[in-house]
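Let's start with one chain on its own, the form predicted on its own, as C-alpha cells.
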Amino acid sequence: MLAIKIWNNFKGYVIIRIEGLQLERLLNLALSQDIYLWDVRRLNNYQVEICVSPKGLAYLIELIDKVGCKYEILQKKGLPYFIERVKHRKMFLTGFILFFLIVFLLSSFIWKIEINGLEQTPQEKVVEYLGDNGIMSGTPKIRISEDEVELLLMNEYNYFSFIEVQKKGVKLIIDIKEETISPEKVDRSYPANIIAAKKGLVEKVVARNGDALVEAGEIVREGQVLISGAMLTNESEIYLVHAEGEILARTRYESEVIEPIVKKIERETGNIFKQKGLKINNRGVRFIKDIPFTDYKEYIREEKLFDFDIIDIPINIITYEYREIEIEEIKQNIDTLKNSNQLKAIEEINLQIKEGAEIVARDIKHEINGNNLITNVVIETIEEIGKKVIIDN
C-alpha cells in the first residue's frame, strides 16, 4: 500500500468531487473501463469524492458527461503539479534546490565523533590523537576508512582489546573495550575513581588520595567504586582528584572439566569410496550412489572443468571422497583421568589469575556422572582488585 501511495505521488493525481443522481452507474462504468479510482469517499446520496490519475481523469470526465453528473476539481497533488507550481517562482525553486544541496553537502561530512567504552583512557586524548591523524569534526566521510581508524587506534593503544568503528549519519561512532592496565599507566592529570575489577571479599584498603568507600570484611561487586575521586570540602563542595591506593581482596576462580571415561577413537581402515558431482553457478548436482561404509569421514574437493585465463566459466567438478573408519572404545584409567582433568582446570585458571596474586586456598572435587568424569577446581587468591576509571569519561 505504501509503494502505491509513493507511486501515485510521483506520477501525480487529482482529488475531485462528483455530484449527481447516477453515482453508482458512474462508478460501475469506470470499473468496467479499468479506470483506477481510490480513496472513494461518499459524502451523501448525491456527492462523492475520489482520487484519480491525470490520465484516468480524461476518461472519467467523458463518463461523467455521459451519465449527466457534475464534477469539481478540489486538489492537484504529486510531483508533476508541484514542479508546475514552482517553475514560475524562480526564487522559491532556487532556494528549494539550494536547501537540498546544502543538506546533501553537510551530510557528506562527519560532524561528531562519539567514543563509547573508555574507562582508563581520557576521551580527550583519543579525540586529540585522531585529530592529529586527520580524523576530526568536519572531515569528509569519503576520507575516513573504518578499518584504518581501527588500525590506527590499535597501534597507539595496544590494550584496546576490541574496536568497532561505524559511520552513522553525520556521526563517527567508535566502540572500544579496554583490557585492565596497571594503575601507574593511567593519566594522573585527570580525576579518577578506583573501582573493583572483579567480585571479592575486601581484606585491606589503603587510600592515599580520595575517599575510601569500603572497609575490610565487605563483599564488593565488579564495577563498584572503592576509592572515590570526588571529595567534599568543609563547605560541602565537591572537588575531583585522581584517586590513589590499593585494595586487596579475596577472590575466587573456578574451572570445570568433563571427560568421558570410555572414549571413542576413530581409525581409518584405508578403504576409500569416491563419487562425482557437478556445480554450476553455486548450484550442485551429485551423482548419488550408495556409500558402502557404515562409519566414514567425508572430504570434498572442487576443480574447474574449464580453466581459461580470459574467461571464467563457473562449472566445477566436485569429488566426494569417503574414507571408512573404525570406532574403537577405550576405557581410560580413572586416576590418570583425574590427574589430566585437574591439570587442564588449573591451567585454565592460571590464565585468569593476575600476576602477583597470592594463592591461599585450593579445592578439587571429582564426580562420576554416567560415562563422564567431572572435575571441579576452585582456587582462592588474595590480590589487588583496584582498577582506575577516568571520571571525565
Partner chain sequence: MKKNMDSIKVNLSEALELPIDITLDLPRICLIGNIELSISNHKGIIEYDNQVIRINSKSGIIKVTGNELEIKNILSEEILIIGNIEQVEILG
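Everything quoted here is computed from the prediction, not taken from an experiment. Only the largest set of C-alpha atoms that superpose within 1.5 Å between the two forms is called the rigid core. Residue numbers count along the first chain shown, from 1.
The discussion below concerns the form predicted in complex with its partner chain, not included here.
Trainee: Only one of 349, 37, 357, 69 gets a heavy atom within 4.5 Å of its partner chain in the predicted bound form. Which one?
Mentor: By the 4.5 Å heavy-atom cutoff, the listed residue in contact is 37.
Trainee: Go through 31, 361, 61, 364 and name the one with a heavy atom inside 4.5 Å of its partner chain in the predicted bound form.
Mentor: In short, 31.
Trainee: Work out which of the listed stretches, 61 to 69, 322 to 330, 23 to 31, 337 to 345, brings a heavy atom within 4.5 angstroms of its partner chain in the predicted bound form.
Mentor: Answer to the contact question: 23 to 31.
Trainee: Verify the contact flag for residue 52: yes if a non-hydrogen atom of it lies within 4.5 Å of a non-hydrogen atom of its partner chain in the predicted bound form, no if not.
Mentor: Contact with its partner chain, no.
Trainee: Any chance the CA of residue 39 moves 2 angstroms or more between this form and the one not shown, core superposed?
Mentor: It does shift by 2 Å or more.
Trainee: So with the core overlaid, does the Cα of residue 28 end up 2 Å or more away between this form and the one not shown?
Mentor: Shift at residue 28: 2 Å or more after core fit.
Trainee: Taking the rigid core as the frame, does residue 51 move its C-alpha by 2 Å or more between this form and the one not shown?
Mentor: Yes; that C-alpha moves by at least 2 Å between this form and the one not shown.
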